[in-house]
Ligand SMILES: Cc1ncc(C[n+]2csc(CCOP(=O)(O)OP(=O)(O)O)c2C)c(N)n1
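Okay, here we've got a single chain as structure tokens, the form predicted alone, with questions on binding and movement later.
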Amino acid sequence: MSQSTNVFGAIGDAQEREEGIDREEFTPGIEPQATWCPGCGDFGVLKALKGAMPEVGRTPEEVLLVTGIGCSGKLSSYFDSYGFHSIHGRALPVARAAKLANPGLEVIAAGGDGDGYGIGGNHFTHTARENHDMTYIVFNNEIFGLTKGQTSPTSPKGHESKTQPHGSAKDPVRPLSMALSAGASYVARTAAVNPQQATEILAEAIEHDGFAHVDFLTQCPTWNKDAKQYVPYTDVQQSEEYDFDVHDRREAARMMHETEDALYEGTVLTGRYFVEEGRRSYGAEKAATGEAPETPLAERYFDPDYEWERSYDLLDRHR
């Protein structure tokens, strides 16, 4: 049993808070039923995200969900909150701007593995480095699904697809290791086939103060039959075979590397891999240096007496 197991008990065992928030509050009235392919792992992300909300005590009016392009992009249509459907690879900069403008908003970004680790890879690494206070859920099905089955950054070497008919000659990216090396302060992996763990991990990620990255394994039965359903899986916090400290960066790196190797060998490992506590988020750092405005930008819109500044009033002239 991992020595860090007890660190995560509080969220998983929590009851709904006094607000009495119900998960169904996050089911929209206009498009309540998701239209992903039957058997798609994206259903598991939606279910886990709805289940996490009562545990963190957030209402739809307190949440912004920013999505990218792809099958995962429809998540904001099936989840009732403030939503922004961005373009390929750009969910994170939109989410960052929203969080800086309205720090009291719970900001969640979501996208696919091609969107997050490929097209938006630059935004991923720098958002992690800066430790923006938000949760980033990456639907990892090792394929480009919406565009009908092209090789993605997480497709295994040798994987045959429309764009690599003779098999991919490239090694896949290592999402967990990439997040850790970039500077994410919470890194976890879960899977659609493990709904209880997925709900607990998303709740922890949302409550984490800093950039929380969740690599969410989502099977694609239509375009990536090789990946099957990511079963059987092993929770590294519940197995006696894996013993590491999630607060130790070196131990986390070792366990991540082992996990990423094992996935392509048929062993699915999930769980929490790294948790950094006490580090200030980007917004907190800006506030500490006096660069963040005392009145958040979003609040100014509700103050009819606020006198707006222009940029040249805020910045000194270049000398």
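Note that the coordinates shown come from a computational prediction; the quantities given were computed from them, not determined experimentally. All residue numbers are counted from 1 along the displayed sequence.
What follows is about the form predicted together with the named molecule, which we do not show.
- In the model of the complex, V214 stays away from the named molecule, with no heavy atom inside 4.5 Å.
- Contact check for A252: no non-hydrogen atom falls within 4.5 Å of the named molecule in the model of the complex.
- When contacts are judged by a 4.5 Å heavy atom cut-off, G271 does not count as touching the named molecule in the model of the complex.
- In the model of the complex, Y78 stays away from the named molecule, with no heavy atom inside 4.5 Å.
- With the partner left out here, the named molecule still marks one of 188-196, 69-77, 204-212, 125-133 in the model of the complex; by a 4.5 Å heavy atom cut-off that stretch is 69-77.
- In the model of the complex, N141, I143, F144, G145, L146, T147 are the residues of 137-168 with at least one heavy atom within 4.5 Å of the named molecule, listed from first to last.
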